[in-house]
Ligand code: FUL
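One chain comes next, on its own, written as structure tokens: the form predicted on its own.
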Amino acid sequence: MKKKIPEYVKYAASIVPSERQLKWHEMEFYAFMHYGMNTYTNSEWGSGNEDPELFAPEKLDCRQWAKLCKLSGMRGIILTAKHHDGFCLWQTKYTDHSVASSKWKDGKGDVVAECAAACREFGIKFGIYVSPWDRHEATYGSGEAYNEFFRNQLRELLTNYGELFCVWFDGACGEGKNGRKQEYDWESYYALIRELQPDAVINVCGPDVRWCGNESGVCRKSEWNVVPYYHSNHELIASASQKDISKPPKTVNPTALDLGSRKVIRNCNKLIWYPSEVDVSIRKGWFYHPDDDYNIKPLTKIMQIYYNSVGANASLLLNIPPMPEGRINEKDVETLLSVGAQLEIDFNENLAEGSIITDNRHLDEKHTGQMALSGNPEEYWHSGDEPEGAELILDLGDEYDIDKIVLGEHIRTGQQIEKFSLYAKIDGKWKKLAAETIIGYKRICRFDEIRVRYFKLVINKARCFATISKFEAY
């Protein structure tokens, strides 16, 4: 007898991503570039009183940044166009606290323009970080006057630098010079972005992509895309995110925190598609500090973070802070090139390509197991309305040495799978390799290398149905 699905589970299963969120999911791994006045004062949070002439890049090379990101396997750069000190890396009309007041390029330079152009040249996407908190601006804390100032600056960034894939707002909300805090008009900021950059996701203090909850590169065991709407409450985020480096936030416990299970969503009347982004720095701080030259995360740590984020249905935003001269330190370069090389090795050849998948049930002939191998994101296996106990068997045609299986759901139809198991056929018997919860956009299952021909995926629990659009072996 068919199981009755609770209404709240049907509701959760019906939540799907927007087109801009779908494009963001495909980014997977991209760079943060914290660069600005703090780079020259050797600090993390500036006061807003810094002399603009301190900003003096002797060898600004955004092409080096973009080329390095491309070679490291990253698909974009988010640049700190303005941090909390209010110093602007572009030619803004609304404050003199900007590159226009520096001696760099006789006050005619524009870091945002150079970075955007470099990203286009190397075929990666460009986004901006812009801090709503501005410790320099006199109108900060005055209400609408500051909101108008901030929208004017946003408009410049949204219209003068080509297509943006992301506008990144952190939650820092401190006092202005007048001792007052600003009430941010978030809705008007979002409306302006939707009008001028409709394809850009708005991250962290925004409705499209959520902060994972720490800056340590730790991801939850079950990173749900569908969560209660209150996780996009800007003021809750503001109280916790982007802490001063001297007071690092507590690490999220990936086994204890749960944002999207049936237990959590049961009594919530509004759910949203709000996937997770893991932001972490390659160094101890977010901005460049010479003392951190020996605190660079090693390849093994970065790869561990990669597999625990990109491999667990989140994205990875890796911070690479340029030096005062405007180039990335050779130690960071060396590590990042090794990351790119490791990714090339780890995902060199999909051995499942051209293989055969059989299933024990499917919705119809257009949604058989074989569709999971088509490579077309719009072709996928669909279990039909009895997902639990559904099986897919991958036959590679011969035995190969494998240590990774990559799975992906067809998330255009929602996030459905709640528990699954993965097996390999060893000496004629099925051996369990993994027992996990969610899959979502991407789940990478890793195990000790085995020589094997057959894999079996079993759907143990799902919401309304199950889909698989990606089944790869490496």
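A quick note: this is a predicted structure, and the numbers were derived from the prediction, not measured. Position 1 is the first residue in the sequence shown; the rest follow in order.
The following text describes the form predicted in complex with the ligand, which does not appear among the structures shown.
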property: Residue contact check: Asp170 to the ligand in the predicted bound form, 4.5 Å heavy atom; result: yes
property: Close approach of Glu215 to the ligand in the predicted bound form, 4.5 Å, heavy atom; result: yes
property: Contact of Arg283 with the ligand in the predicted bound form (heavy atom, 4.5 Å); result: no
property: Any non-hydrogen atom of His34 within 4.5 angstroms of the ligand in the predicted bound form; result: yes
property: Segment that reaches the ligand in the predicted bound form - one of 81-89, 362-370, 387-395, 156-164, heavy atoms within 4.5 Å; result: 81-89
property: Contact assignment for the ligand in the predicted bound form, among Glu223, Asp279, Asp332, Glu114, heavy atom within 4.5 Å; result: Asp279
property: Listed residue (Tyr441, Trp45, Tyr40, Tyr30) with a non-hydrogen atom within 4.5 angstroms of the ligand in the predicted bound form; result: Trp45
property: Residues in 105-136 with any heavy atom within 4.5 Å of the ligand in the predicted bound form; result: Tyr129
